[in-house]
Every structure is written in C-alpha cells, then in structure tokens.
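Given next are two forms of a protein chain, the same chain in both, each as structure tokens and marked structure 1 or structure 2.
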Structure 1
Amino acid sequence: MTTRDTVLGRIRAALADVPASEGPDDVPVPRDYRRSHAEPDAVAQFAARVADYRATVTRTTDADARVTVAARLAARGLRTLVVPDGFPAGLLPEGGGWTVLRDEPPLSVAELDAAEGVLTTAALGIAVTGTIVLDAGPGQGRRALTLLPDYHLCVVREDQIAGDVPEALGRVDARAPLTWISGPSATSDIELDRVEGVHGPRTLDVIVVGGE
C-alpha cells in the first residue's frame, strides 16, 4: 500500500460522520459578503491606496504618458534599465542616460542583479488594496525581472483597475504565474519598525494612465 492510499484511507475513516449521500458541493457556503468595497472613483482610490504603502504614484493622460515615464526615470538617474518584451514602444522614452536591457536571450541573474531598474506594464490593479497584479503577460516579463533590480516602475491603465479582490481573481488566468505587489518590499521583523526594501525592489513607482 502506498502512503497515498494510507493517507486517503485515514481521511475517509476520520470522516465516518459525514453521510455518504453528502457531496463536496453540498456543504453550504454563504456568499453574502460584498463583491467590492471600492469607492465610486476606483482609480483615485487605487492611487491613494498604493501611495499608502509609501510607493510613488503619478496620474497622467495618454498624451503625456511617455513624458511622464521619461521624467520618472530621469529622476532616478538610472544607468541600466530592464524592459521586458511587449512593453508598448510608444511609452518607452528615447535617449535618456540609461542603457536598455532586453531579456532576449534571457538575462543571467547576475545581469539582473546589476541592473538598476525595471520598467513594466501590469495585468491589472486593485483599488481597495492598492495592489498591482503581474501575470507575465506582454510588457511584464518573467518574474525575476521585477524582483532583482532595486527600482520598479510600473505603468497601469485606468481601465485595468479592478475594484476589489473578488473581481481581480475573476479577471486573471490562474494558470499563469501571478505576482501580486502591494507597495515595495517591507519588513517589520525588528521591534515592529517598518523598513522598506529587504529583498525585493526597495522603490516602487506607479504611473496610472488614462482620462483627459
């Protein structure tokens, strides 16, 4: 007998009180909780909640998006910037003092570690929690890209912002590798003093694009 059989057998024996006629979906789950706690202006709420995590948030229009990206990058004085495949060409500033690194062929961890920043899009944002969700789609790259460089600039479109967690889960593909990011890396392990930046990017910059 395998351990699998043993454990499954123990579970079935332990659940002798559960009637054989009861199916897995028969156990009721009241779902009268709210689908969303978002405020009417979800975009403003998203911006405020992201900023609550001590991330920088800039709102801009489609027309000014590229200039805004350039300004944020210039303010950092970056020398090397990773830009994943599929990042909209129209948003990528030309020139600047940085070298753009592409992940094709894949960059080594040492190259990623040496890179100072990364510029990505997102799959969506969540207003109530101030979260950006990455699913490795176009413009986001594989997970390591947004992890090793110390600075992450993320561009989110207003129409990508979901109100709350239930809506966000309904909009992502569970089979994609998902990274939910709420502010920069942080720890409170030493006397509960919050420190930003332990292992992930120490600085998170978010640009919200849309509207007039």
Structure 2
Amino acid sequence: MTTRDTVLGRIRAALADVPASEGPDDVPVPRDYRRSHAEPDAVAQFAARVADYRATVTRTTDADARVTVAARLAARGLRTLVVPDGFPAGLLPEGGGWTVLRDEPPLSVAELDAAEGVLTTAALGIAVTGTIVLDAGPGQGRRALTLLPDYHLCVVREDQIAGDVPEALGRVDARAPLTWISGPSATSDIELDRVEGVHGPRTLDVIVVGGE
C-alpha cells in the first residue's frame, strides 16, 4: 500500500457516515473565531506593512492623487507604461514623457516584457499582512500585465483596505483569478541570498488614496 492509498483510505473512513445526498453547503462551519487582528488604524497599518516588504508607500488625498501618481512615475523615469482598461481617467497623468500601452488587443509577451512598468488599481488591501489583492477587474487587467513589467505602481483606496485575511476573503469573488501581492517579487536561493524580480516586478510603489 502506498502513502497515497493510506491518505485516501483515511479520508474515506472519515466520510463513511456522510449521506450521499449531503453537500458542503448543507453543514454550516462554525466561524466564531477571531476574524481580525488589525490595529484600530487599519490604513496606517497597511501602509507600514507594505513598506516592510521594501515597497514604497505614499498616502495622498483624492484631490492630490493624480499629481502623486505623476510624481511617482516621473521619479522612476519610465518611458513605456502599461495601463489596463478601466483605470480611472482622473488618475492618469497627462504627458510625462512616457508612452502608454493599452492591452487591447492583448499585448504580446515580448511587448509586456519590454514595457518598463504597469499602472493599476487593486481589488483590495489587507492591513495585517500588507497584501494587495488583484482580481483582474477594471483598472487591473489580466495577470500577465502585473507579472512581466519590472515596475508596478498600484493605487489602493483607503475604503478598499480590509483588516485581516478572513474579512478580505469575504470581499472577493473566489472564482476570480486572484493575485496576492506582498511587496516586490523576491525569493532566496539555496544559500538564502535574496534575489528580487524573478517571478514579478522588482519594484513596487503603492499609493493609498483617501480623505481630504
């Protein structure tokens, strides 16, 4: 008997008394555990945790959001920038010296790889983990857009920030192609030397927008 047989055998034994007509939704799962470990100021906690991952975080108001986006892009000296459909026109700076690439028709892998950056919104952020969640909705585009360019500027609104993971899971569609981002792409080799930019952008800037 293999280990696989052993595991499957135990699962079948545990389910032996479950009626064949019973489905997963027929049995409520107790969820009375603590749902959030967020601090009272979840927005500040989110900004601090994102910065812990070596991302640059800028907080701004609605009135200054467009100027702040322009300033971050100018500071990076980008020449080509991917902007997904649905990105708010009011946040997209005019001019700036960069060429805006649209993903309609879809850009090729080579075109995305050659682009220097991508500008997106987000589905939500999570304060406790400093995570940004993308669901391919308006202003975010398909997953490849935020994986191939080496720079990602992401705009998150304060009202999109959830306290903790359980709250976040209740606010997203689990059937959507979710991408969870915790800082710039980074991994470690066998000697634990940090290597950045292997599986996604090497540089992540986040702008948190809200308030007066």
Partner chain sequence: MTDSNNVVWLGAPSFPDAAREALADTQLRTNLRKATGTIRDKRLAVTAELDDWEQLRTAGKALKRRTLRHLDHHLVRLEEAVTKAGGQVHWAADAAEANRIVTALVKATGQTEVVKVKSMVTQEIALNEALAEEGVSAYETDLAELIVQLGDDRPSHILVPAIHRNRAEIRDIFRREMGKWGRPAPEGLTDRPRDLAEAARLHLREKFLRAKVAVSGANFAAADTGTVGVVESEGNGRMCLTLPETLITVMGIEKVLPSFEDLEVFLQLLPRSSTGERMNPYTSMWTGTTEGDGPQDFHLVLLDNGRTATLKDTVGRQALACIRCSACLNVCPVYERTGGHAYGSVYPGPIGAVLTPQLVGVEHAESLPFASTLCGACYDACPVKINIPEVLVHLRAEVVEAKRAKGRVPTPEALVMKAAASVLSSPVKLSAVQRLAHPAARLVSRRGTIGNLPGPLGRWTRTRDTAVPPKESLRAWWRRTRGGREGSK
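Residue indices: 1-based, along structure 1. Each form is matched to the other, and the largest set of C-alpha atoms that superpose within 1.5 Å is called the rigid core. Note that the structure is predicted; figures quoted are calculated from it, not measured.
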{"property": "Between structure 1 and structure 2, the form predicted alone", "result": "2"}
{"property": "Shift of residue 29 between the two structures at or above 2 Å (CA, core fit)", "result": "yes"}
{"property": "Rigid core fit between the two structures: Cα deviation of residue 18 in angstrom", "result": "8.8"}
{"property": "Per-residue CA shift, residue 8 (Å; core superposed between the two structures)", "result": "7.6"}
